[in-house]
Ligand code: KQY
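Quick setup: one chain, the form predicted alone, written in structure tokens, and binding and motion questions come after.
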Amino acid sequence: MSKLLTSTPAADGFAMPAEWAPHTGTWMIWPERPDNWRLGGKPAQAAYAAVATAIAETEPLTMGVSPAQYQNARRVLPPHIRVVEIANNDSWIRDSGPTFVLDGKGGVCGVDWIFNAWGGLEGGLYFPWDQDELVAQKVLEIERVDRYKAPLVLEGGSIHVDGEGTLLTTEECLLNPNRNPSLTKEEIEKQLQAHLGIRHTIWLERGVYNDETSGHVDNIACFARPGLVLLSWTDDISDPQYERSKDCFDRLSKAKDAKGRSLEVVKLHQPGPLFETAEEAAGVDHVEGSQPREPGLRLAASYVNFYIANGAIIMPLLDPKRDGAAAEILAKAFPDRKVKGIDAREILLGGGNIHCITQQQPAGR
């Protein structure tokens, strides 16, 4: 059974581990909504299946699916991938799912954040989001993991931790008035400390250009190990991404982590720039209130949006001119893991990438 706990994770000795800590498994949710995924979601489903299959080579994977898609997902996915029914509004479990925390003694709990579809009625990406708001609780019920309900609107893609007390995030997202308008920056930091067990927050200003999540940090910068940050980069000063990445680089270069260390910043050159084609846009249903998909839309493409699995790095393949160099950087940053590339343009067309569609469950008792 999964109990609702009334204290906070930090008060009970829990903290969010780094993504590279051992996992007991990974969670995903099957894509299907036709106003976000083209051609009824079939191309995206193939990409999700490829990601799931790659992860399942190294750790257990569970795919949550709507009742209408259960038989289809079960047929498409390998038999060793667990498929469970979880009603949902869309397939971004990094943001709608729970954040797992550990207590250092083998105990595992989950943090259930408030989810408002990246902005609610003031810039959110779809309505309603009532089923997504229940995803975290359902995952924790299935796993019989106790739950903390956090009084904070937050998506998992907006935070990244080093497992040693340091958190990365962006002002563009967490200070956006459509998330927690009644809270100050300091009050948000206190909630992060209380629910993630971190001691120090490094604030970047903005995320990737045209990122519809309001600049999630997991698309622009992430820890590869304590003291080492990978940063999405471009050398083209005329690209609107340059100013954003340069500001991140400057902030990270001056920052110290929770242990007082300076950070090494490794630049990971962005793919493209990439743009949505007319054919791709034409395959998406137009629904009032949903994020529009238009020809020529600049896609928020980044190689930082990879997933750290047990023994593997699952990275997006997005640009043949850049994929190889990105894979080499990731292999150097994670020498103990095999880098596996997945053709991920179909995921990118939906507004995110491999990290956005996965959620790790760290190993505990």
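Predicted model, so just to flag it, every value in this text is computed and none were measured. One rule holds for the numbers: they count along the sequence shown, beginning at 1.
Keep in mind that the form predicted together with the ligand is missing from the display, and what follows is about it.
Put simply, of R293, R244, H195, H160 only one has a heavy atom within 4.5 Å of the ligand in the predicted bound form, and it is R293. In summary, among the residues L231, L125, I114, L183, the only one with a non-hydrogen atom within 4.5 Å of the ligand in the predicted bound form is L125. Remark: N36 counts among the residues lining the ligand in the predicted bound form, judged by a heavy atom distance of 4.5 Å or less. Within 4.5 Å of any heavy atom of the ligand in the predicted bound form lies no heavy atom of D132. Using a 4.5 Å cutoff between non-hydrogen atoms, T213 counts as a contact of the ligand in the predicted bound form. Although the partner is absent from this view, P9 stays clear of the ligand in the predicted bound form, with no non-hydrogen atom inside 4.5 angstroms. Here the chain stands alone, but in the predicted bound form its contact with the ligand, taken as any heavy atom within 4.5 Å, falls in 213-221 among 257-265, 270-278, 100-108, 213-221. Taking the ligand as positioned in the predicted bound form, the residues of 346-360 that bring a heavy atom within 4.5 Å of it are, in sequence order, G350, G351, G352, C356.
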